[in-house]
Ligand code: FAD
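This document opens with one chain alone, in structure tokens, the form predicted on its own.
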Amino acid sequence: MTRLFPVRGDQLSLGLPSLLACEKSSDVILMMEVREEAVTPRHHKKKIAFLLSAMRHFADELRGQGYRVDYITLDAPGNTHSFTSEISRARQRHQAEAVICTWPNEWRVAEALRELGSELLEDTRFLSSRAEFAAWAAGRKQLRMEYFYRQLRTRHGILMQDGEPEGGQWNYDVENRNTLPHAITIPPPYEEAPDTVTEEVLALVERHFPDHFGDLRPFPYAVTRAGAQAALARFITQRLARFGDYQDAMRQGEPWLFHAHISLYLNCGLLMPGECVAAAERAYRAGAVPLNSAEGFIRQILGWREYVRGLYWLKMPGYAAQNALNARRPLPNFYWTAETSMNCLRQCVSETRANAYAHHIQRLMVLGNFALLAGLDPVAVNEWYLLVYADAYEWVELPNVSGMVLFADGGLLASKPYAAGGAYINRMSNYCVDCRFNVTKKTGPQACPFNYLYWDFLDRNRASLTQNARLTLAYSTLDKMPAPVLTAIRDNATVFLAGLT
């Protein structure tokens, strides 16, 4: 009996449950390059190239392990460019009696696979299951990541000492917000020169997707597990020690700083979360990195990554349609062009376009903060985040954007909107130095737009947010503003937002 085992581009792991169930002598692995997945939405050129090259390298690795691989390239004759149609074609081609898949990472894909009659195996590559998260969430009015994180720390014995958190605290977030010193030395990022396979893919992407967002070259990313492991090792030895202090910092012309740059490898399966967490803990136990760095990094994986996946599957499909603040404004064109006088936004969009990457504070407190304050439509904002970043898949992107960035879920994920004026960006970066706006001015033509947009956001969303306990001080300040000041804020915001279109 022949069975068909489709493997998607975010499932590039030899320990994939469906691969472990595959009989090498009789079963067939199906891998597909389909246009449908590249253009809905129209993904960043680098993201497409990364996944196609990683898929081709993984197919070669599977063949080397003795698997029978049916690989459909983008240019293959008869390619229907639909993953469901290609599965149906392959099932007929191989006379397969069953289709067995590892649970996918998008709701729409799971639904499509179920409609095909596929058997879905639980994805064991995460440190918690969907069922475990659902059990933890049952009966809770608020689903705070911190408490789920503590449960996973305890269950897996990570950074624990005699049943208590290492150092006596669960979370060292307050030690993750230092301003980057001017004279600090930043190590270069891990890079690999494209091999023959990657060069073929780069030419393919340029030929088929020339009008997609982003720069295709230079292309420095690893595309194999060995390369991804080398990138992780480089981070642990060269960056992790200072990651804790400076993970929230931003600097013009320095997109990489002390971040790991491994999320694209984690989210496609070339790295496993457990090995990343273990590597950080070993470094801490060896005295090579401080606790705030090890804990801060581990929290990103064991905390946020596991948490948003659980929330995604618990709340889909309705979660994608939520818009608690009734935000309707279209996405401004500068999110594509970087043509804006606001230097912080110009820098973050430019780096996103160049690298298919921006670190989490750029995504949350610059790009996301603006989207929140301006009342941008969650559907448009989610699509933008999903297509521009090489690590973005709906399960991780949607809760982070709708919940953390936009407060579109009404506070299910975040205890308050992550809204801030220009002072925060000025404190955590040097972007304001080269900006034509003055970050110290609150209103007027020279004022930083973040300043009056912040207060206008609170003002126009008063009915939805005034009962939020974490905004009590902000609303108290707003209520004490003289009428002329509030009028100026509203007028400045109205003129600015009208100019976005």
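Keep in mind that what you see is a predicted model, and the values were worked out from it rather than measured. All residue numbers refer to positions in the sequence shown, first residue = 1.
Another form exists, predicted together with ligand FAD; not displayed. Remarks below refer to it.
Of the heavy atoms in residue 364, some are within 4.5 Å of ligand FAD in the predicted complex.
At least one heavy atom of residue 300 is located within 4.5 Å of ligand FAD in the predicted complex. For residue 136, no non-hydrogen atom is located within 4.5 Å of ligand FAD in the predicted complex, even though that partner is not displayed. Ligand FAD in the predicted complex is not approached by residue 200, whose heavy atoms all lie more than 4.5 angstroms from it. Taken together, 259, 393 and 405 are fully in contact with ligand FAD in the predicted complex: each brings a heavy atom within 4.5 Å. The partner is not drawn, yet in the predicted complex one stretch among 123-131, 303-311, 83-91, 225-233 has residues with heavy atoms inside 4.5 Å of ligand FAD: 303-311.
Among the residues 243, 209, 219, 148, the one placing a heavy atom within 4.5 Å of ligand FAD in the predicted complex is 243. Exactly one listed residue, out of 284, 335, 385, 190, brings a non-hydrogen atom to within 4.5 Å of ligand FAD in the predicted complex: 385. Contacts between stretch 357-387 and ligand FAD, counted in the predicted complex as any heavy atom lying within 4.5 Å, involve 357, 358, 359, 360, 363, 364, 385, listed in sequence order.
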